[in-house]
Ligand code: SRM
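Just one chain is shown here, as structure tokens, and it is the form predicted alone.
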């Protein structure tokens, strides 16, 4: 921890009486929104106060207050819910939200457009469905990711078990959540309420994931801490412990970085949960509490260096940390379409554009999923690519699923282009208070233009990840994509190139301040060269790295403006 004065957020946490603040009093009042320290404390309870930014200017001109509403996020370890839980969440979205469900890139659900008067009943209904919003946001461990594929083997089952155990172990213990949202029975705050987090909780958010060496669908290197299960000849040997990842940064702040997690060592299976808890405790005790931009584990690791961090970890651990297992490139699966489980049943992966489950003209996805779930009662798994898996299906159910999807205008996975299939976008405008540019609302049109271009170049099915965010904080993991557009200001984007599906390297800043309508034009020469010179099955990021002679994997890209990368002056015609 630095010797500088603590930030305003740290003061708010310390004075909150373990996350109580004045939330209950404001809920009981006629106010349409919260203020002051409560804005920070609400996040720990799983909700963000937002407003309709499309309406701001008109409301201000009319002398009216902002159109306040709330985003409510559900923490779902490894993204698993039952059919009954899904149908209840769908009902809540209709009654209390804006009629949509949104799958997050951390395998949770989000509601948007919840009014303050419905906030308590929304969170209470989520808890009645045996789910929770606590630990979905705030300066604690966020929702724990885990490979969602229900293949039925022992390795995938263990991933889910460890993710659930981590969620329980590092969930805040304060009774404030129950007091405010559930039973209303007030208790005095005491030190015993938070034996792990104390009065200050963590310096900032802490993201954990549990992955497999046979499937990197959780993008294991993008997190503060990762447990990578080592599977050899069908046997789980233990975990590689990865630390120090994180993709958020700030424009024009060269001391902020996106970073990939690096191996710290090898952990026996029985000590996986303890290992993550130890990493969180080091972050709790030594993380930066004065500058929120540097209040992430990756900056502590960068300041200390890996040897010192490992020494501190080993000093606290009850087990011996072994050397990390050397691995080849991790394979990636999106699990869309038909897949057999080991028990003979099937699961089916449904593509969801930007994670938004909504009924639109000619595309009634929400109605289709509700009909499928009500009729077949499958299990539900959410993926880190914002998609949804329908599990435990009989073989005859697969045709039923595809028939219902098609009848409601939903494109089946086999008909998707690679660019659309692997795309992701954050919500951005009009709800996110951090957004400086469009993302979710803009990406459908961008993908249509890219699909037409790629079709003409013969690249329709070539592996390509296109990701878009409305700010540099990286919620849709843009810095590990083949191609990414990161909001710089309204209508302007920084273009990044050079990542890939494997998530094992960071992209380069390729063009800065590109207008929205010129994004395709900015990379057209590169796409043309890729079409003309690529090797078989070579993705755009791989081709770019080969072209630029940058074979070594990178672990850090800074937020400073890098020189524009020029290819050869002339574009190669397809």
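Residue numbers count along the first chain shown, from 1. Because the structure is predicted, anything quoted here is derived from the model rather than measured.
Omitted here: the form predicted together with siroheme (SRM). The next part is about that form.
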Which of 106-114, 451-459, 396-404, 320-328 sits within 4.5 Å of siroheme (SRM) in the model of the complex, heavy atom basis: 106-114
Contact label in the model of the complex: residue 26 to siroheme (SRM), heavy atom within 4.5 Å: no
In the model of the complex, residue 50 touching siroheme (SRM) (heavy atom, 4.5 Å): yes
Contact test in the model of the complex: residue 427 vs siroheme (SRM), heavy atoms, 4.5 Å: yes
Contact label in the model of the complex: residue 500 to siroheme (SRM), heavy atom within 4.5 Å: no
Output flag, 77, 216 and 381 jointly within 4.5 Å of siroheme (SRM) in the model of the complex, heavy atom basis: no
Candidate from 119, 365, 163, 136 lying within 4.5 Å of siroheme (SRM) in the model of the complex - any heavy atom: 136
Contact residue in the model of the complex, chosen from 339, 333, 207, 488 - any heavy atom within 4.5 Å of siroheme (SRM): 207
Residues of stretch 469-490 in contact with siroheme (SRM) in the model of the complex (4.5 Å, non-hydrogen atom): 473, 474, 475, 477
